[in-house]
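Next up is one chain by itself, shown in structure tokens, the form predicted on its own.
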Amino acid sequence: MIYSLHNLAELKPFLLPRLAEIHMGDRGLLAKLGFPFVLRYFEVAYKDPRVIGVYAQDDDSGELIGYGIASPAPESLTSQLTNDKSWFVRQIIKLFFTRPHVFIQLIISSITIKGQMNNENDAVECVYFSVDPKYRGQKIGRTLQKALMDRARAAGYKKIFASIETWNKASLAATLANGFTIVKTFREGMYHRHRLESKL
């Protein structure tokens, strides 16, 4: 299969739901919050000029097959989900009554994310990278993450961080292959994660 990489800023806005669909295949917290949260997150990331984003597109079919997002301020992306107060309150109430364990995890993760970057001005966080399940096993995720690293370096950043669940062997293998090292392993509520970093 032949595919090409593009800057997230080049994506047509009507294709954002497709990126959200790809992300729903992830087992992390954002996907557990549900599709409305995922779509809103991508809408926020798409508009944030600080976000470094790439997406992969099948050259033959034109189908979006994966994406990667990095940000120097990942906590600001999640905090922007509250910009539309009425929407956010409705979603949180629904979450509280339908998936209370996810609601509790959201609170824990919201607190944890604030200290992740250690206030390093020259660093960026690889927030998410994911590939449609039917395209996995072809090192596309690794290529997307490497593209994020290259673009972050070109933007002047000196270091990149990532957090990956310990069960996610494929993402961990791709990240380690791209030169990251595990600096610690920690518990974040129901998640057991590796914290990784790499110089750019």
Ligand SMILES: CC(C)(COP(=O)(O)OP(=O)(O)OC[C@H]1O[C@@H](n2cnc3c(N)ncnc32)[C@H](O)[C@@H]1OP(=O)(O)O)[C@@H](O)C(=O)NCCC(=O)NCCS
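All values derive from a computational prediction rather than experimental measurement. Start at 1 and count along the sequence shown; that's the residue number.
One more form of this protein should be noted, the form predicted in complex with the ligand, which is absent from this view; the next part is about it.
- Figure note: of the listed segments 34-42, 138-146, 51-59, 153-161, the one touching the ligand in the predicted complex, with heavy atoms no more than 4.5 Å away, is 138-146.
- By the criterion of a heavy atom within 4.5 Å, Asp26 is counted among the residues contacting the ligand in the predicted complex.
- Contact annotation: Thr166 falls outside 4.5 Å of the ligand in the predicted complex, judged by heavy atom distances.
- Although the partner is absent here, Ala177 sits close enough that one of its heavy atoms falls within 4.5 Å of the ligand in the predicted complex.
- In the predicted complex, the ligand lies within 4.5 Å of some heavy atom of Val131.
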